[in-house]
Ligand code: MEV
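Have a look below at one chain only, the form predicted on its own, in structure tokens format.
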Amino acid sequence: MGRGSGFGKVILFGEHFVVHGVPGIVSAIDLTADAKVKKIGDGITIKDERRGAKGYTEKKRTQQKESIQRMLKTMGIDLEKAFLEIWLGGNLPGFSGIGASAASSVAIARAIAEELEMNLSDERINEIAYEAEKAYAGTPSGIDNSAATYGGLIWFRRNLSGGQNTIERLSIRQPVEIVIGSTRVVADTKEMVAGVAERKNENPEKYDPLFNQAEWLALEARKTLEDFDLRKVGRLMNENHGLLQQIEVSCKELDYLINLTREQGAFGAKLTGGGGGGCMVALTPGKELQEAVATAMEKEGFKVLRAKIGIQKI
């Protein structure tokens, strides 16, 4: 039996902007999707036992099937001769916005490779997961699968010319507590990415300055993270969310949760992922602050994850 895991993630700076070549910062979190694969049965069967937002599994099932087909093709496996039983689990829920699809793609690719004795490098697993992500995101930036594969904190810039993306490992003094809150709204990443591209093309006078500001924010955030100035990191996260609101990818549920966490003392908060629902992330250094913020959100009836950024090993 082959086994594999992939990290969940939060994008700290740059979602949507990274699709268009603006640098972003993504961090793996200490939650994973886990997969087991056996050569057995007739065709491909998938047993998905991850917990998640209501409707996530149903809405994503068609995309999941396509992603596995893309994965097998990229791995050079004949689809008509692929008899695989795939199990998915782990402690990373199937929430939109925390890299659940990328983490599962990495986990499945690793498990298939182990079961079929393919001995693939992390770089190759990352390439395979990127192809699988196209089923979920249309034109993915590559940031989610990179975090799912490598872990840690990553400086990412997409190469718009089709060359190799910039993936640079960053380091911070120690892992930092965060709270992730689910809006309970399942978002369609493909639609959100396409919407931003369309609006940017139609209104460059508005969007170009916002994208320039996003690049400045990412550069400033990199230095601030390396200096471990968490108060300033939080302020920059707040600014980043303001930009995301202006490109119309936030929603009332996200804004409500973000305001709630800031009122409870979070250093900063923003949406993470494609927006339109999905999840937000609050920077809450220290277990005491993390618990206070998480408890306040749970009292309002929201699903919450307590996690850490900067995690480097599965």
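Please read these numbers as outputs of a predicted model, since none were measured by experiment. When you see a residue number, it is the position in the sequence shown, counting from 1.
Below: the form predicted together with the named molecule, not depicted.
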Non-hydrogen atom contact residue 189 with the named molecule in the model of the complex at 4.5 angstroms
yes
Residue 149: heavy atom within 4.5 Å of the named molecule in the model of the complex?
no
Does residue 273 reach the named molecule in the model of the complex, with heavy atoms at most 4.5 Å apart?
yes
Heavy atom to heavy atom, is residue 143 within 4.5 Å of the named molecule in the model of the complex?
yes
Contact residue in the model of the complex, from 236, 84, 176, 193 (heavy atom within 4.5 Å of the named molecule)
193
Which of 201-209, 71-79, 133-141, 217-225 has heavy atoms within 4.5 Å of the named molecule in the model of the complex?
133-141
Could you run down 1-24 and flag each residue that has a heavy atom within 4.5 Å of the named molecule in the model of the complex?
9, 11, 15, 16, 18, 19
